[in-house]
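Just the one chain here, the form predicted alone, laid out as structure tokens.
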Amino acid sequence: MKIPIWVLFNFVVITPAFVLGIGAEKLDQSQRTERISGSAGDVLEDDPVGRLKVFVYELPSKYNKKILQKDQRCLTHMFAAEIFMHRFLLSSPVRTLNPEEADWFYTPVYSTCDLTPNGLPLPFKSPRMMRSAIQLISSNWPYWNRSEGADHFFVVPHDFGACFHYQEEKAIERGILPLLQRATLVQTFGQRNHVCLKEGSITIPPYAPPQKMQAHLIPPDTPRSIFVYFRGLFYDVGNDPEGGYYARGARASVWENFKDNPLFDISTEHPTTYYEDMQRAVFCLCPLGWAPWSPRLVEGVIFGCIPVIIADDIVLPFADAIPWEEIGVFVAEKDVPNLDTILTSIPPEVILRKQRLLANPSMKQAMLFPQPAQPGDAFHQILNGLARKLPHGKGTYLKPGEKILNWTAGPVGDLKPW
């Protein structure tokens, strides 16, 4: 393989110099950035305030706060958007205390805050928990019954969203919880033509702790001396002992083809310098695992490392606002053996433009759930997505006596009381 001279000697490119805790708008103005052209740039900078009103149901604390009290790790894992979205809405100017004037209704259920000792969420109680919450709001307020949830939204950040299972085959078998079939789902999972992504869902980034990333910033003039970077599993022997099922073999192919390639800094070890290393890299691999998404997408954007997305048919966060084709590189799973050729063939001017777009503060802000919230952040992008669905269509509200949802549908285990 012929390696271009610029690859060998010109890794020095745009690097991040923003203050995450204060807000990405503090980006060093001396750096060259580029605004997204056209309607996407306008969408990214939309302000949802004044365009919608949200009523937040007050549920018993057993659905949210008490669950969190039992395990504070839920605040830092990649599914934590459900918690921070709840906190954001409680003090957001879009919140209304009058349900009669609400455009949307939000039910705060922390369905992923049931963690193993290793910090992995167990989704097995989630369907019963969600059914219980819906039964509660439908019994105590009239708003669910008039639409059977069509003007309600739920945050469901599990691996496969409201299918509530971490293994794809079983998630597909389960399907989306029947009672959520008419609701708008806000979820990290996104894959075209998949039973766990229904039309009208809002795909969001996974949670990545802004303060933690801020603590690992390095000087903005640090050269990007790593060409391709990845840290993570290549095989999941415990759950896929025969290999080939995990990541549909894509991660295994990365390791088998490039473990000895000097352009590829890849390993299963997760060093303490992980965030620093990403800031020294040109490309960061973002392959699918059990699900097509991962926090690497967020980390790549935040640290200006061009995401190399290896996940066929993935639906990416806020795709109507973030031009993923322009800031990332898409590699088909079958083409992983050619990854070195694909990446070294990209012209320098294309690399530099992608990095200028990644350096745009609006791009970074849209991927974060900061505390407190900032204009243009992921919270506001979710609200923008909801606002763009207004006004509700004629099919939203049911005729008197009309019923669409089947309350007894789904696996027998889901029907047990929670």
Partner chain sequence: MKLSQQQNCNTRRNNSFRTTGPLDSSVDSAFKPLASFFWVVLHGLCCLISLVLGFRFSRLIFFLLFSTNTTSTTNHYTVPALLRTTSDATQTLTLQTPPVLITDTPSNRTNPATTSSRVVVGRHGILIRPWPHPNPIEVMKAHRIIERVQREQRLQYGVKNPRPLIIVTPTYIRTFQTLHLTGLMHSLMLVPYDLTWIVVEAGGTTKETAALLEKSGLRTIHIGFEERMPITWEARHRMETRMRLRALRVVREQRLDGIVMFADDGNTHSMELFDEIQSVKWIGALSVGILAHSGNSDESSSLLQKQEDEENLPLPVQGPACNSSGQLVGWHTFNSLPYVEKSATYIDDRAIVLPRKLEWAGFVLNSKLVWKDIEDKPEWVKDLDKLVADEEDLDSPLSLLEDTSVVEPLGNCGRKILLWWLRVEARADSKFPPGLVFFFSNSFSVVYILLPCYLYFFVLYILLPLSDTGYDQRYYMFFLFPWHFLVVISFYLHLMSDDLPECIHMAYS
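Numbering follows the first chain given and starts at 1. Note that this is a predicted model, so its numbers are computed, not measured.
We do not show the form predicted in complex with its partner chain, though everything after this point is about it.
Partner-contacting position among K212, H270, R73, K170 - heavy atom within 4.5 Å of its partner chain in the predicted complex: Comparing distances to its partner chain in the predicted complex, the residue within 4.5 Å is K170.
Single option in N145, N140, N261, S91 placed near its partner chain in the predicted complex, where near means a heavy atom within 4.5 Å: Flagged contact: N261.
4.5 Å heavy atom contact, N64 to its partner chain in the predicted complex: Heavy-atom contact with its partner chain at 4.5 Å: absent for N64.
Non-hydrogen atom contact F84 with its partner chain in the predicted complex at 4.5 angstroms: Outside the cut-off, so no.
Residue contact check: P121 to its partner chain in the predicted complex, 4.5 Å heavy atom: The answer is yes: P121 has a heavy atom within 4.5 Å of its partner chain.
Residue contact check: D277 to its partner chain in the predicted complex, 4.5 Å heavy atom: No, no contact at 4.5 Å.
Listed range touching its partner chain, judged in the predicted complex by heavy atoms within 4.5 Å, from 389-397, 56-64, 349-357, 372-380: Looking at the other structure, the answer is 349-357.
Its partner chain in the predicted complex - contacting residues of 74-88, heavy atom within 4.5 Å: If the 4.5 Å heavy-atom criterion is applied to its partner chain in the predicted complex, 74-88 yields nothing.
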